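One chain comes next, on its own, written as structure tokens: the form predicted on its own.
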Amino acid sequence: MSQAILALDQGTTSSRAVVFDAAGTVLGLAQRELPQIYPRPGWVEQDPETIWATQVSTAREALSAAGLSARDVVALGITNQRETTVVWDRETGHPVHNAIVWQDRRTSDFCARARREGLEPLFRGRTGLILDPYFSGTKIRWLLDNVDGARARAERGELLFGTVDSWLIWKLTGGRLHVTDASNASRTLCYNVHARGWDEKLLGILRVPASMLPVIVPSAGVVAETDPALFGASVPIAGIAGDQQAALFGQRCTVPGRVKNTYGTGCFMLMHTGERVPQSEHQLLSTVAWTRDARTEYALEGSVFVAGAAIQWLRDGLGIIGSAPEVEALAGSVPDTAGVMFVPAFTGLGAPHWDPLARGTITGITRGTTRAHIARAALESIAYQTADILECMQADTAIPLADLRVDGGATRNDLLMQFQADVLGVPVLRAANAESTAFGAALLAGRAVGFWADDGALDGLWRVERQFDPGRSADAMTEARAQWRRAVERARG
């Protein structure tokens, strides 16, 4: 009898697969690192075939670790790094170029030119996004304009575009299916969040042929079965969501006003806003949360481009720690940063600044500054950036925050979580299930096939592992945030 859900969690720095049972318990897990490619400063790429190879291998390993076969799996859910862009040949399935990763800034000039031409209100009004290199649309255009013969091939209908979910489903189904869901489609600059479909006018401006685009399907619902040769039996593909929307669902932020923050390579905060498209006066994004049961629900989102990546830089760039977990002890060896502020704008600044020309800075350095102060400043920068976004969300919605639900690798750092609660002035709730992103994909897939009977059953699976309550005075935090804002201004432009 089928007894588990398999979730594929294809992230920026690794591919993961997790097997869950009906109680939400992890039965098996596997993870493989995903190499990054940096052809030029500000450019970030990945090999699509490596994305696929690492993802399918982790799926097999997770099933093996769980002691299960594909016949024991009732459904498969997929969650993925979102705006990363893959273009491949419709017939052969071969990518025409490396995937361009969401962090990539190569289309900054095009975005700046489009803004000067007055196009940003059009894009923002229809997509809920801003004109920024972050999103997929300008990446598709770059590939068609810069890969030999790509534009002509695309116009002949020979090439397909997909975010990573589409690429994985294409491979999982042996090239039979080219689909995406609205949570991923809404991150492309090509999707109209009001009309709930691809927008011909925006495609024309971006010069993206409509024939390249995947069919949009519900986030929860059986869309296909995997090729039986992959896992030994066919498995229904029943859940699809971008990683941040999947985490929102996994954290059970399914009522308006509830907020989650995921701490990964970047930092992503989403507030559920119900069935209305949210409007931001503070440069936040309006995005589809998910579509299911014939309903489309939305979220307000703010993105921090560099969060956990700042800790990786301390390890790989500066060499002041040997592994990421070491940063907590090092940062905790000093009581504060001694005035040091670290703005990790390695690839520009995301919300609410949206400054692609900002660059990383460390300010307040004195002769007494040590690696411990820099490590602590790096950790605190994650909390400050999160607070900046939440402040904007509350201003846009007038909804006071009761607490913040958190997930992602960096939430294991107690020092960071406590400082986050101090900066926000509200409790920070760390989920007992650390796999919120994969869990969200599993819940979408499981509900679609009846593995869980109703949403109440899903709510019962969410538990708090630890609550961090604010411990510093509001006045002290106000002054600290003022110092942070001064440091951000020095990093701008």
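Given the structure is predicted, the values throughout are model-derived calculations rather than measurements. Position 1 is the first residue in the sequence shown; the rest follow in order. So that the term is clear: the rigid core is the largest set of C-alpha atoms that superpose within 1.5 Å between two forms.
Heads up, the form predicted in complex with a small molecule isn't pictured, but that's what we're talking about next.
**Student:** Quick one: find which of 67-75, 226-234, 369-377, 325-333 has residues within 4.5 Å of the small molecule in the predicted complex by heavy atom distance.
**Tutor:** Looking at the partner contacts, the answer comes out as 325-333.
**Student:** Taking heavy atoms only, is residue 308 within 4.5 angstroms of the small molecule in the predicted complex?
**Tutor:** Looking in the predicted complex, residue contacts with the small molecule include residue 308, since a heavy atom lies within 4.5 Å.
**Student:** Classify residue 409 as contacting or not contacting the small molecule in the predicted complex by the rule of any non-hydrogen atom within 4.5 angstroms, answering yes or no.
**Tutor:** Close contact exists here: in the predicted complex, residue 409 approaches the small molecule to within 4.5 Å, heavy atoms only.
**Student:** Quick one: does residue 312 come within 4.5 Å of the small molecule in the predicted complex, counting heavy atoms only?
**Tutor:** Output for residue 312 is yes: heavy atoms within 4.5 Å of the small molecule.
**Student:** Although the small molecule is absent from this view, report whether residue 264 comes within 4.5 Å of it in the predicted complex, heavy atoms only.
**Tutor:** Looking in the predicted complex, residue contacts with the small molecule include residue 264, since a heavy atom lies within 4.5 Å.
**Student:** Which one of 413, 291, 386, 286 is close to the small molecule in the predicted complex, taking close to mean a heavy atom within 4.5 Å?
**Tutor:** Of 413, 291, 386, 286, the residue with a heavy atom within 4.5 Å of the small molecule in the predicted complex is 413.
**Student:** When the two forms are laid on each other by their rigid core, does residue 417 show a Cα shift of 2 Å or more between the shown form and the other one?
**Tutor:** Yes: residue 417 shifts by at least 2 Å between the shown form and the other one.
**Student:** Once both forms sit on the same rigid core, is the C-alpha displacement of residue 307 at or above 2 Å between the shown form and the other one?
**Tutor:** Yes, shifts by 2 Å or more.
**Student:** Checking residue 92 here: with the core superposed, does its CA move 2 Å or more between the shown form and the other one?
**Tutor:** No, residue 92 moves less than 2 Å.
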